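Presented below, as structure tokens, is a lone chain in the form predicted on its own.
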């Protein structure tokens, strides 16, 4: 009988705030044996308007906390802006595998299109970095890409306001280039944006497939665990012991009570408690 190695150390994950909870939800559902530590950097959100250098500094601080304090076996950068700013440097610095949400999302996007006209929406920082444009080009799939920045979307989600008339008016203005390009698949290039999916669909049309990177990223992690494959960084990953019940810890650098209350509405009952990040002001 072959015994496969197991590793019960947690998976670490972080985002500027609540958006990465879409990724956390996918990991919790798909990998129930795994422990998870999630950091929402709500004390310094939003990342989108900040310089990539500033965001990279935050990303490295949080990554070191997850690796040094929580001893995570895998780091998931569940924030598109942080992935655009620091994914490469995090992989160079850390001795654990580091996954982002950009490449998994692009792979799902190019599979979803039938017309070859695709779109990506994201924060100003993510769009300005060119990360998605490079990832689509690197996929080798001949598609016509339209990209649009959507400043303000994150703030509506972080404020718990996802279906108001104001966000609809903003979406009509910001998504106009996507509508004009007649895309048939649209990648939500910020992990906050799935919470605005209904509004986005109302604006772009129900024939447009909305692609979220959350599920695709979780499936990629599952494949790595099942195959005991080498993760980014050349490190082999081992899953938690089969049959154990994973635990989930949530850390916030901002208002912990608000993070717990709004986060529980967005994620579910798993976010019953939240801890304060050591760098909180």
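Please read all numbers here as calculations on a predicted model, not as lab measurements. Numbering follows the first chain given and starts at 1.
Note that the form predicted in complex with D-glutamic acid isn't included here; everything after this is about it.
None of 154, 99, 171, 185 but one reaches within 4.5 angstroms of D-glutamic acid in the predicted complex through a heavy atom, and that residue is 154. Note that among 105 to 113, 203 to 211, 123 to 131, 91 to 99, the stretch whose heavy atoms approach D-glutamic acid to within 4.5 Å in the predicted complex is 123 to 131. Contacts to D-glutamic acid in the predicted complex (heavy atom within 4.5 Å) from stretch 133 to 147: none.
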